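Below you will find one chain, with nothing else, as structure tokens; this is the form predicted on its own, and questions on how it binds or moves follow later.
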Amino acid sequence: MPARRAKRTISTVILVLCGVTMILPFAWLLASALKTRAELVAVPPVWIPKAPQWGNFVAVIGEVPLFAYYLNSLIVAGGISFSVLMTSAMAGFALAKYDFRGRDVVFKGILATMMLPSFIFIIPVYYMMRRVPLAGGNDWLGLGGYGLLHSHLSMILPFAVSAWGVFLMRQFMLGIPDSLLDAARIDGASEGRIFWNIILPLTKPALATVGIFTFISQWNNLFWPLVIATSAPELTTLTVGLKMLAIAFDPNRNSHLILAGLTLGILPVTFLFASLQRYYVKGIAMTGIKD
């Protein structure tokens, strides 16, 4: 017992130290966003500002249309997350619970796409968005206009399906007993009702995991929104806007304002993860148990 207690104590101490190490940068970011420039460059460092400068956030909002950037990010990240959740759940259900010819080939093909670097698709996808027929002034051949490049769809459609999401949902659904679905079919339930009333409620942990990862990755996505915002500034997302803010401001004079903008940028994803973390942990723990 003493040895087991000592081992548990050591494990707890290590976990606490790891947790503090991970929280420390976020605490420093929040504290620095409330500092004056003098406190930010002071030596030795000032950890807690003497008088929190809440005006830093007001100054950032006054410099850039932050609320418009927030709205664009919410539309894009939310739209992609919803689409990925639906497509991943439906594809995972088909691959896990239906036996059809070529199922394994389709699944391996989906996994193969995860091995390709995303940047090789930038140019083809850009031209696909620009050449959509009868959209954005294009004719039926996809010529003469800008297609979908001036709409939020140009940032949502390329990421509407996730191979990783399909894989995770398929692995999770393999653990749902087939007898449960057979009983529902015997009772007269349609496949659609089985999916909505049985499969989705049982896969909440996996759905939360896919949703969290997708929303955070798309909220922080920079490269593709930057490509789109180059031709359509009204679609600038928060990540691109904060990058432009960092470029516009002199870091030697406005570091506290840049940090205030970064703080505003990470708040939504922080709250999202904190509110859904119990589902996320459960989803990771239960995924991949059965193949």
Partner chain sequence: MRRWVVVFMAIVALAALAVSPALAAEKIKLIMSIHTDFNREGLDDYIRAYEQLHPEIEIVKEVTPFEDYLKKIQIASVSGRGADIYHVYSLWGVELAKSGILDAPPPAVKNDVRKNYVPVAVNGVTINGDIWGIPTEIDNYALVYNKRLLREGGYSEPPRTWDELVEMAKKLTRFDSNGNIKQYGFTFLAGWESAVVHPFLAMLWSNGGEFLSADFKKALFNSPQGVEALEAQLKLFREKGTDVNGSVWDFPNGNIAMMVMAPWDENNLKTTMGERYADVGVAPIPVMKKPATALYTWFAGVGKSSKHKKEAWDFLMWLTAQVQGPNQTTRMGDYLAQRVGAIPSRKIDTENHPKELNDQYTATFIRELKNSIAEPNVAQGAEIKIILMNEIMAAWYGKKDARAALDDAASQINAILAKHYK
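A quick note: this is a predicted structure, and the numbers were derived from the prediction, not measured. Residue numbers count along the first chain shown, from 1.
The discussion below concerns the form predicted together with the partner chain, not included here.
At least one heavy atom of Leu134 is located within 4.5 Å of the partner chain in the model of the complex. Contact check for Val41: a non-hydrogen atom falls within 4.5 Å of the partner chain in the model of the complex. Contact annotation: Ile48 falls outside 4.5 Å of the partner chain in the model of the complex, judged by heavy atom distances. The closest heavy atom approach of Ala232 to the partner chain in the model of the complex falls within 4.5 Å. This chain is displayed alone, yet in the model of the complex one of Pro201, Pro177, Gly188, Gly192 has a heavy atom within 4.5 Å of the partner chain; that residue is Gly192.
Note on the partner interface in the model of the complex: the residue among Ala184, Ala208, Leu149, Met173 having a heavy atom within 4.5 angstroms of the partner chain is Leu149.
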